[in-house]
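Next up: the same protein chain in two forms, each one alone, written as structure tokens (structure 1, then structure 2).
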Structure 1
Amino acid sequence: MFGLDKKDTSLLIIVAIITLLAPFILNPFPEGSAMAQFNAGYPDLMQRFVIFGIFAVGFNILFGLTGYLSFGHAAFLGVGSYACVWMFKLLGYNILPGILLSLVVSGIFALGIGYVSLRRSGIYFSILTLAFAQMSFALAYSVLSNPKFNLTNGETGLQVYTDDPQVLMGPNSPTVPNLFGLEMNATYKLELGPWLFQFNAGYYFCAIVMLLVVYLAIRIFRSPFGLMLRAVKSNQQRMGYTGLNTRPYTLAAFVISGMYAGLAGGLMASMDPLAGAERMQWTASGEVVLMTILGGAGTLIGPILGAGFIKYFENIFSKINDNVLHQWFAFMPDWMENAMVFIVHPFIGKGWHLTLGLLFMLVVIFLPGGLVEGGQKLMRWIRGDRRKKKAAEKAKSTTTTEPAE
């Protein structure tokens, strides 16, 4: 279906079902219960899941296929956000022009940065991309925000003001980002007994965009172009002596993945119409590297899993505080309760990065292929178990039939 083989089609369908049913899947605990803090089915977080999923899927086209590790992809995300907010300021709150401009501007940025950075490979490439991203950050943070020429609004971040032109806005147009009138923050709440499920227009828009770009990524993975990108990772020398020019291949991959990042940035601004320089900082670039490796670099859905995993922990673990811990350990004697809270304290709240670091170490050491490899191992183990059981049953039946003879 859609030019994909059976396996990829079923993968895409599974991803589609999960993303479309996410408001249910992510809210398994009833509202008001002790476990409700582990619910992730609220619009803000779900939007972040899919937006960072798009970011990581695009990053994986470069890193997973060609092996070129970019440490500056957040620059494209930030550029996309700025472009989108500028469209809001100039034209109005319809998100379509904003997202289109995000794609164009991030593509142009990626072409320029890629053209220079791809002259080197390995660590030098990574450092060059990092340098470009930090330069972009500096430009956005201070250089391009002076009273004479204010493109980024510096520290405050770029946002829409009431005296902005917004030439396409009519008197009755909504004053929040919308798609031809469909407001991105519109949420339909469904109460089922003690459960509360939230269906948010912005989330579903992002989810549909994500499904489209995941589909595109699968097509790229299976195409002759994707094969060449894998060949770049495997042996550039042989590629050259096989009559293939590696430079345009890597540049095309770089631009495509930069545009994915720009799209993610545009969507981010569409969900919340402001853009800040911190989106371009090197920590943001590092985060997408973590997402991709954690989920499984070079796999199709690994990056989405990684993005979901990290964003979940960021939001859930950082919300747990000492009071919550005291509740958890309330059944223990006081001295033990205090000791437990003392031990766990560094790993929660602002310390959630510590938890993330430990989890990342565990995954890299024990599952070098990321969460996807973990899933495959689990499946193999379950299947192997069943096969063993069958074999055991067979052996049993043969031994029981023997005495009958």
Structure 2
Amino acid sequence: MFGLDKKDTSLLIIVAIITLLAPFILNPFPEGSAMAQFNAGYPDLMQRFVIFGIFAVGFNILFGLTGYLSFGHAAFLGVGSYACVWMFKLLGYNILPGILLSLVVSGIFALGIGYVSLRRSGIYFSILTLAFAQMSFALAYSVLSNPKFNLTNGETGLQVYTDDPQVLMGPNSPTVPNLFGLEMNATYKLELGPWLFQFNAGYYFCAIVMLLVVYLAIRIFRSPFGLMLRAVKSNQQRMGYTGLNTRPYTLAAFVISGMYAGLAGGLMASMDPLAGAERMQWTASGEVVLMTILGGAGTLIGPILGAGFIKYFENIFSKINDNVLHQWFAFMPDWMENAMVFIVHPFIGKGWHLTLGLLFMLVVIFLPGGLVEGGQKLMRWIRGDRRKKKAAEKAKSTTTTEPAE
């Protein structure tokens, strides 16, 4: 299908099914129950899953294929957000012009940064990208917020005001981000007994975009261009000895990766028309590195899994407090209940990073290939167990007893 082999087609179909059925899959517990705390099927979180999945897939094209580790990819995320919000301010709330400008601006920005940074490799490349990202953050936070040419609005963040031009806005046009009239915050709620499922227009738009960019990533991975990038990661020096100039390939990968990040930034602004300099901080760049490594660098589905894993812990575990813990352990005697709350308290709320850090350590130690490697091991174990059972049944069926004398 669309030039993909059977394995890649199956992967894309599985991703599509999981994405489209996410409102059901992410809401396994009834509303109002003690376990409803772990439900993740509400629009804001589902949007973050797919948007940061796009961000991580793009980063994986650079890091997973070429081995170049960028610590400055959040700069493109922020640039994409600012570009999209400016289109809202100038033209109107239709998200397509904003997303297109996010792609163009982030691509040009990535071309400039990549052209300079790719003159070095290894840790020097990583430091250069980090320096560019921090300079971008400083520009957005202070320099470009000068009242004479306020492009970023500083620490307050860029947002849309009623006195903005919005030249394409008509008298009956929606006053929120929309796609030709379909508002991104429109949500249909379905109640089935104690369960509540929410179907959000913005989430499904982001999900369709994610499927398209995942398809594009698969084509890149399987193309001669992708093989060239793998060769760069394997031994760039040897390729240089053959007379092949690898820099155009790595620069192209850097620009494509930056445009993915810009697209993610544009989608973030499309869901919530606000752009702030905090999206360009080094912590945001480090987060996408963790997502990719945790899910499985160099794999197709790994970055999406890593993004979902981290965003789930950030949004779910950070909201658990002592009152929730007391409800969970209320069946215990008071002294044991208080002891359990005391033990678990450092790992929830503001301490969710500790839980994530421990899980990240376990994954790196026991599953160096990330969550994808864990899934592969589980599938091999299941298949091996089935094969053993089939072999045992076959041996039992073919065993014949000796005829009695």
Partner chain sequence: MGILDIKDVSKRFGGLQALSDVTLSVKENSVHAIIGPNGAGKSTLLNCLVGKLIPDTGSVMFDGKSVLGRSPYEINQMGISRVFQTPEIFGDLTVLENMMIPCFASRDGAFELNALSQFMKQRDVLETAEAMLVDMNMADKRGMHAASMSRGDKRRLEIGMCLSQNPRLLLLDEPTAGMARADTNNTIDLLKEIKEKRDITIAIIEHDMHVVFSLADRITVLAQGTPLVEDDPQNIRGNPKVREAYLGESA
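The model shown is predicted, which means the values in this text are computed figures rather than measured ones. Rigid core: the largest C-alpha set superposing within 1.5 Å between the two forms. Numbering for residues begins at 1 and runs along the sequence of structure 1.
- Matching the description of the form predicted on its own is structure 2; structure 1 comes from elsewhere.
- Once both forms are overlaid on the rigid core, the distance between the two CA positions of Y188 between structure 1 and structure 2 is under 2 angstroms.
- Annotation for T283: C-alpha shift under 2 angstroms between structure 1 and structure 2, rigid core superposed.
- Superposition of the core reveals a Cα shift of less than 2 Å for S223 between structure 1 and structure 2.
- On core superposition, T242 has its C-alpha offset by 2.9 angstrom between structure 1 and structure 2.
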